[in-house]
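Encoded as structure tokens, the following chain is the form predicted on its own, with no partner shown.
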Amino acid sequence: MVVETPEPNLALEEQPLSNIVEVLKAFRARSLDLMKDGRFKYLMIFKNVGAQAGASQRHAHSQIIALPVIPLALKEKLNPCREYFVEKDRNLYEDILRNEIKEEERMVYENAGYGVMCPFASRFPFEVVLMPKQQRADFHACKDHDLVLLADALKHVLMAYRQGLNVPSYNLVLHTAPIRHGKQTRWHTLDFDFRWHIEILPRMSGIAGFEFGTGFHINPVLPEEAARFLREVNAGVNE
């Protein structure tokens, strides 16, 4: 567990930017240390906020879990990325980010290092993906200046949630590449075809039988509308 502040009632987005950077540095430091253990194949970094998102306590915190297997959910990202790269000799995430920045409709926030967007096929209302502009498969490879820009992007989107959506419960998941120990042929293209990223999923609608039975999600808010709303809230917060 990463305790994000000594203040029991202070949310991550309410903290100074420098404090958020320190939280991200803690993610990086713990990742680098856990990677030394050959038993682990994947590091899961996530944050649950609010009872609806499964949070067990209110004090601002994140969690890191080292796994001896690569999660199926991650493989469902890795395999299409590799297939896309093999077919087109281009990075799927690079193409998505470039297109979203060009189209603008689903962009929520952008700085020199990161783009935040509402995905075209959003599962939840106001879901966002935060993606680095620089190709990098591993979160732990981020430099200090990368983490400053990441902290800025996180603060903007989480503050937009707080101000515009009345402090919703949410899940934040950091998807990074699997740990590569020694020579591994299966994931040798990861540095080219996969890009680490963060998904933030506000829990404003429930998951019921249809979602569990099909894997599909019913989202009543168009991503273009969600992005426009979050942009407007961000503009108001920063006036």
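A residue's number is simply how far along the shown sequence it sits, counting from 1. These numbers come from a predicted model, not from an experiment.
Keep in mind that the form predicted in complex with another copy of the chain is not shown, yet the notes after this line are about it.
Participant: Is every one of 27, 34 and 182 in contact with another copy of the chain in the model of the complex, taking contact as a heavy atom within 4.5 Å?
Facilitator: No, none of 27, 34 and 182 comes within 4.5 Å of another copy of the chain in the model of the complex.
Participant: Would you classify residue 209 as touching another copy of the chain in the model of the complex, given a 4.5 Å non-hydrogen atom cut-off?
Facilitator: Residue-level check for residue 209: yes, a contact with another copy of the chain.
Participant: If you check in the model of the complex, is residue 89 within 4.5 Å of another copy of the chain, heavy atoms only?
Facilitator: Heavy-atom contact with another copy of the chain at 4.5 Å: absent for residue 89.
Participant: Does residue 144 reach another copy of the chain in the model of the complex if we count a contact as any heavy atom within 4.5 Å?
Facilitator: Residue 144: no, not in contact with another copy of the chain in the model of the complex.
Participant: Taking any heavy atom pair closer than or equal to 4.5 Å as contact, tell me whether residue 54 reaches another copy of the chain in the model of the complex.
Facilitator: Result yes; residue 54 sits at the interface with another copy of the chain in the model of the complex.
Participant: Heavy atom within 4.5 Å of another copy of the chain in the model of the complex: which of 76, 104, 83, 95 fits that? Just give me the one.
Facilitator: Filtering the options by heavy-atom distance leaves 76.
Participant: In the model of the complex, which residues of 44-79 put a heavy atom within 4.5 Å of another copy of the chain?
Facilitator: Sequence-ordered list: 44, 46, 48, 53, 54, 65, 67, 69, 71, 72, 73, 74, 76.
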